[in-house]
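Only one chain is shown below, in structure tokens, and it's the form predicted alone.
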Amino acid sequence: MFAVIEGIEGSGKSTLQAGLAEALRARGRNVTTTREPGGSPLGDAIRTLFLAPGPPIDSVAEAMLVNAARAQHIAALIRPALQRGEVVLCDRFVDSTLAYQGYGRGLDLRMLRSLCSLAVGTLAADVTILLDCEPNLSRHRLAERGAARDRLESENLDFYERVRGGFLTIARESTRHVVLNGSDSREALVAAALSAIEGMEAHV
């Protein structure tokens, strides 16, 4: 089972991933948690470049960077874990590229899908859990963290409105997406996400 958690910054993805992994392990499942960009030494190095504040990165270069990390991530971590029969919980995947570089940056979606297809091959998420979160709530949560914001966290509200809209559009066009309210409690979100995963497994 390959489950992806999507959403804008501050939507609660990391919190949900941790709670979901704990719940699945309590049921006796072997679980691998990972994130994008990342999941391998190469991916982690690209993540540092990708998120570091500094001069603007060309939008096409941004998309190519994240997909280079993705290809290595799949080869080094995701496919081996799936072949071992584990549940893989991934914080971000292809939808983030479409939402951020497509809807957010304005790149052509067909081009981005082709680029992502080259990186992922035949791999697709069995279920994608989208944590829908208003950008103002996202900003409030980021401020509560007190940490310096990375390059993407520093984008303006208009950018995040476009990204949020992109995620919702992608979810509406799919039967493998479950949209949850990012303002719900951790317990409610974990229960809903667990139900979505178990329900999808029953139909695989």
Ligand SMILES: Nc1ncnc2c1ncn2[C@@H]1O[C@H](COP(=O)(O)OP(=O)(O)O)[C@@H](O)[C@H]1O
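Note that this is a predicted model, so its numbers are computed, not measured. All residue numbers are counted from 1 along the displayed sequence.
Another form, the form predicted in complex with the named molecule, is not on view; read the next lines as being about it.
The named molecule in the predicted complex is approached by R141, whose closest heavy atom lies within 4.5 angstroms of it. Although the partner is absent here, G182 sits close enough that one of its heavy atoms falls within 4.5 Å of the named molecule in the predicted complex. Contact check for R25: every heavy atom lies farther than 4.5 Å from the named molecule in the predicted complex.
Proximity of A196 to the named molecule in the predicted complex falls outside the 4.5 Å heavy atom cutoff. If you take 1-19 and check each residue for a heavy atom within 4.5 Å of the named molecule in the predicted complex, you get I8, E9, G10, S11, G12, K13, S14, T15, in sequence order.
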